[in-house]
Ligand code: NAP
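The form predicted on its own is given below as one chain in structure tokens.
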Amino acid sequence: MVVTRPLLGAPLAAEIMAAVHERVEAGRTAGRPTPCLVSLYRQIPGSPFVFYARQQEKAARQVGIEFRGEIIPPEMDRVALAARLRELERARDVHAVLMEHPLPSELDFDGAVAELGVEKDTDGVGRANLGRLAIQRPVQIPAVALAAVKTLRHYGYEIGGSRVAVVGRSPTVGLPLAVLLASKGEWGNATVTLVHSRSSNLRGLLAEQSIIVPCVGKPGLLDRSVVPEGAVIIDIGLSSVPDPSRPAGHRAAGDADMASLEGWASALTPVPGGVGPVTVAQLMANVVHGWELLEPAKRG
């Protein structure tokens, strides 16, 4: 029987946060203003957006980043949203902008984020940043993608030369992660298989993969019927499933069926408590990276 190793996110997140705090303090000592993150989100009952914003605010305060949360009002249309992003791009006291998604198609998330420069697009999901990632000249890399690969590295798993399957092809998670893993450099050099909803024979596609990264948002998608024995699972999927035993009546769940894969997968990130904390910490690192790039130009 395989002993499944739990890959907890908290230790790595703490390391990243400590390093970010040091960079903020060093920058302020050198005369830079306080870095500022603006997070835009919709306030919808039952949605995770407010929870995400609170996580970001808590993390930002821990490392010395100013946090400003902005609610996207129901009456805002795509023209107004794009205009607000242009205002934030021009704002000299704002160094990072994050917009929670998905958004309704009529708000045009992609078009709005395109108003940001590569430095302020702190989650790296705008056209310019994704394009630079594709040609292996990234400025901001999506935080969740970096969180996944840093988790692997933190726990001693070699990415270069490994066979890695990314399950899911969303333009802000699965696709950039697949590109990052396949690229040259410290975060890549893997042989990547990109699996998606139109792929047939999931079990066959995953059969020879040593690392599997699901990011679909479909609870229980991966179990031992499709996952090869001994695989490492980095679970990015996140869903809310009913659970009468919880006070809220629901709980977070990943794409991997943890009960099925216990004693089968060699390692597994739990949901919650796996990639999530690392993603929040990496987002703070991205904020500071953009701040460091912007401030020398502002002083000129």
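Here the structure is a predicted model, which means the values were calculated and not measured. Sequential numbering from 1, following the sequence displayed.
Missing here is the form predicted together with the named molecule; even so, the following discussion is about that form.
- Stretch-level contact analysis of 259 to 267, 61 to 69, 35 to 43, 235 to 243 against the named molecule in the model of the complex, using heavy atoms and a 4.5 Å limit, identifies 235 to 243.
- When you look in the model of the complex, the only residue of L206, V149, I211, V216 with a non-hydrogen atom within 4.5 Å of the named molecule is V216.
- A heavy atom within 4.5 Å of the named molecule in the model of the complex is found for one listed residue only; from V195, L88, L107, V192, this is V195.
- Taken together, L133, G160 and V179 are entirely out of contact with the named molecule in the model of the complex: none brings a heavy atom within 4.5 Å.
- Although the partner is absent here, N129 is not a contact residue: none of its heavy atoms lies within 4.5 angstroms of the named molecule in the model of the complex.
- The shortest heavy atom separation between S183 and the named molecule in the model of the complex exceeds 4.5 Å.
- Although the partner is absent here, V167 is a contact residue: one of its heavy atoms lies within 4.5 angstroms of the named molecule in the model of the complex.
- Contact between A112 and the named molecule in the model of the complex is not found at the 4.5 Å heavy atom cutoff.
- In the model of the complex, V275, G276 are the residues of 256 to 276 with at least one heavy atom within 4.5 Å of the named molecule, listed from first to last.
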